[in-house]
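Consider the single chain below, provided in C-alpha cells and representing the form predicted alone.
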C-alpha cells in the first residue's frame, strides 16, 4: 500500500545553471532581457556591440569606447584592441569566458569576419556606499573606518595598513549561480602553510548555488558546523584584520559582505576587543577580566537563582532569605517557569528591538522593559529579585565584543536553567561538564579552540585573560603555529632610553 518513493540519484540532480553551448545561443538567451543591448556599430561597419546596460558605466561606454570604435578603420579585433584607450582588454573565444565577461560589466565587440571571437572591454559600473565608522565594534579611540561590501575596496583598506609584497591574496569563485569572489589572505613566511591550505581547500570544496555573505562561508568551512559557538572571528575592523595577519592568521574576504573572517582562533579571543590595544595595559587587562566575569554571570546567574530557591535555600543568609521570601509571597508560578518566562520576554524584546529601525528599536527596548517588568511585578506574576537578576543577565551578555559569540551565550543559558531545576547545584555542575567537554572537542581550522588553557600554552597567557605591555609581547601566539615565532627582539631591561636629561 505504501510504496517507498524511489530517490533520484544524486549524480543526476542538476545543481548548476547550464552555460549556452555556442555564442549564438548565449546572445539569443541574453536578448530575452530588456537591459541587454546589441547593435551594429555603423551600417558599413563589420562590428557588432553587446553589453548589459545596468552593469556598465554609460559615460565610459559612449565617450571612451564607442567613440574610438567608430573612428577606427581597422578590420581585425587585434588591431581594434590597440585603438581603444581602455586597459585590460582581451580577445575571448570560449563561451564560458565570454559569458563571465558579459556578466562582469564588459562591453563585447564581435566582428563579422571572425564571429567566434569577441573583444572584451571592461566598463563595470559599481555603486557602493562610502566608508563609515564601525557599527558593531565601535570604539571611542582608534581608527574609525570599517569594511564595506566591495572586495577590492576592502583589500585596499588592508594593503594600506600592510604595504608589503609578502601579503599574498588568493582568489576563488564559489557559488554555481552567484560566482562570488572570495579572497584568502596571508603573509608569506609568517602564516602556517597548513592553515592556509586548510582554508583554501575547504572553500574549494563548497558546493552551493549562492553565497550571500561571509557568514555562509563561516558556517560551511567550520570544523563543527553543529556547534553554537563560532569557530572563526568575523569583524568589520580593518585594523583588527591587519593585526590578525601580522600574528600569522588567515583572513577570508567575501565580495558583497562587510564582515571579514579570521582564523584559526580561540575561545578567549572572542572576549577581547581591539580597543584593548589602544589603552594602557592595566586598564585593558581589567576591562577584559570584567568581560569574562560578565559572561560567567550572564550564563550562570539565573540558573543559580533557580537552584538556590528550589533546593539550597538553607545557604542563603537569614536577612537575605527574608527579603527573598517576601518577594515571592503571592507568586503563583514555580521558580523555573518564572525564570524561563522572564528570559523569553527579554529575548522577545531584544529580537523586536533588533528588527525595528534604530530609534524605534531603542524605544521598544527601554519602554518595553520598564513597562512590562513593572506590570509583571505589580500583577504578582514574578518576583522583583528575579527581575533584577534577569535584567543584569541581559546587560552582562552585551559586554561580549563579537556578536556571534553573544548569540551563543544567550542560547546556553537555558540548558543551565533546566539542569538547575532538575538537580540544583549538581545539575549546574553536570551541565557545565557537558559544556566543557564540548569546548574541548572544538577546533578552529584544525587548531585547539580552548588554547591556551588546553593544551596549556603558558606564553600565550600574556594576551589571553589579561593583556601585558607590548614590550613583553615579542612572541606570536603559539596556538597559531606561525612560521616566524618572534615579532620583534626581546626587550633588554638593561638598555637605557636615549632621552634628553636636563
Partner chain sequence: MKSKLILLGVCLFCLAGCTPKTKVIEEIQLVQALGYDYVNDEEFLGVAGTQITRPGEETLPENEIFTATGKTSRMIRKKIQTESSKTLVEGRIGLLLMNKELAEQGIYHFINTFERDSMIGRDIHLAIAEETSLEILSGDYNLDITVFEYLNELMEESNKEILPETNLHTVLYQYYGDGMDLFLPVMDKKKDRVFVIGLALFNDDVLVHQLNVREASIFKLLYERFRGGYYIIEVDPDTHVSVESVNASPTYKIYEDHTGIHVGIQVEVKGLVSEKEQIDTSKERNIQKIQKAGIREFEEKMTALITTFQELGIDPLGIGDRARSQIRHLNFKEWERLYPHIPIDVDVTLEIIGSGITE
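Because the structure is a prediction, the values reported are computed rather than measured. Numbering follows the first chain given and starts at 1.
There is also a form predicted together with its partner chain; it is not shown, and the following applies to it.
**Q** Among 317-325, 190-198, 234-242, 123-131, which stretch sits within 4.5 Å of its partner chain in the predicted complex, heavy atoms only?
**A** Every other range fails; the passing one is 317-325.
**Q** Which residue, 139, 215, 285, 310, has a heavy atom that falls within 4.5 Å of its partner chain in the predicted complex?
**A** Only one option qualifies, and that one is 310.
**Q** Exactly one of 297, 414, 277, 422 has a non-hydrogen atom within 4.5 Å of its partner chain in the predicted complex; which residue is it?
**A** Of the listed residues, the single hit is 422.
**Q** Under a 4.5 Å heavy atom criterion, is residue 329 part of the interface with its partner chain in the predicted complex?
**A** Although its partner chain is absent here, residue 329 would touch it in the predicted complex, with heavy atoms inside 4.5 Å.
**Q** Is residue 258 close enough to touch its partner chain in the predicted complex, meaning at least one heavy atom pair within 4.5 Å?
**A** No - in the predicted complex, heavy atoms of residue 258 and its partner chain never come within 4.5 Å of each other.
**Q** Evaluate residue 230 for contact with its partner chain in the predicted complex, applying a 4.5 angstroms cut-off between non-hydrogen atoms, and reply yes or no.
**A** No - in the predicted complex, heavy atoms of residue 230 and its partner chain never come within 4.5 Å of each other.
**Q** In the predicted complex, does residue 335 come within 4.5 Å of its partner chain, counting heavy atoms only?
**A** Residue-level check for residue 335: yes, a contact with its partner chain.
**Q** In the predicted complex, which residues of 375-414 put a heavy atom within 4.5 Å of its partner chain?
**A** Contacts from 375-414: just 384.
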